[in-house]
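This document opens with one chain alone, in structure tokens, the form predicted alone.
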């Protein structure tokens, strides 16, 4: 199981201490095989890595610039710079970034640049409430996957995260049958593009200690991409515990 903490635009140096209790949890045999990835703001990546580089948690970035090399892009950070901080993962395609202008084509460029630096990609996909109501969820998911992964052959460094946009930060979670149906469609779409066997699909969107257990019981879910709840160490640990128990 993967547990990815997306801190979004929160945090300062003191926030990093929140990971201490999670590291203690990972020393318990029961939790040794889970994967914890913290994705703080860019400003904390190097500090986070330096403090916990000898632990069994990993560090990731929340986004990157599509241009692979150094260049005249004021205020931007690309995969090459992210790798230099010690980060091993990048979230790409999050709905908040899509809403800010990241098209499927831009996302494809970002994924290619991250893979070029041997970074692992957490590739976010998901439909809006309007798209859901129009019953075009499958069409949207297929488009996001096929364009986002265009001309990419090897998917072993890509983790997929299904995040219904209408579920993020709203407290709403898809009904079990709907979620399973969408996850199976995602898996089938990926398999049509590649023969990779070990596809990891995470769920994200209003994951909390109250719903984690039921969500974790769904076989198609390999873990969670967690936003607000990951900022509170107790809530984050409760989600982990309830998912594994």
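Numbering follows the first chain given and starts at 1. Computed from a prediction, not measured in an experiment: that's the story for all the values here.
A second form of this protein, the form predicted together with a small molecule, is not displayed here; the remarks below concern that form.
S.K.: Only one of 45, 202, 36, 207 has a non-hydrogen atom within 4.5 angstroms of the small molecule in the predicted complex; which is it?
M.R.: Contact with the small molecule in the predicted complex is made by 207 alone.
S.K.: Although the partner isn't part of this model, could you tell me whether residue 117 comes within 4.5 Å of the small molecule in the predicted complex, counting any heavy atom of the residue?
M.R.: Although the small molecule is absent here, residue 117 would stay clear of it in the predicted complex, with no heavy atoms inside 4.5 Å.
S.K.: Taking the small molecule as it sits in the predicted complex, is residue 8 near enough to touch it, meaning that at least one heavy atom pair lies within 4.5 angstroms?
M.R.: Output for residue 8 is yes: heavy atoms within 4.5 Å of the small molecule.
S.K.: Could you tell me if residue 223 has a non-hydrogen atom within 4.5 Å of the small molecule in the predicted complex?
M.R.: Residue 223: no contact with the small molecule in the predicted complex.
S.K.: Report whether the minimum heavy atom distance between residue 127 and the small molecule in the predicted complex is within 4.5 Å.
M.R.: Flag for residue 127 set to no.
S.K.: Have a look at 147-155, 162-170, 71-79, 101-109 and name the one stretch with heavy atoms inside 4.5 Å of the small molecule in the predicted complex.
M.R.: Looking at the other structure, the answer is 162-170.
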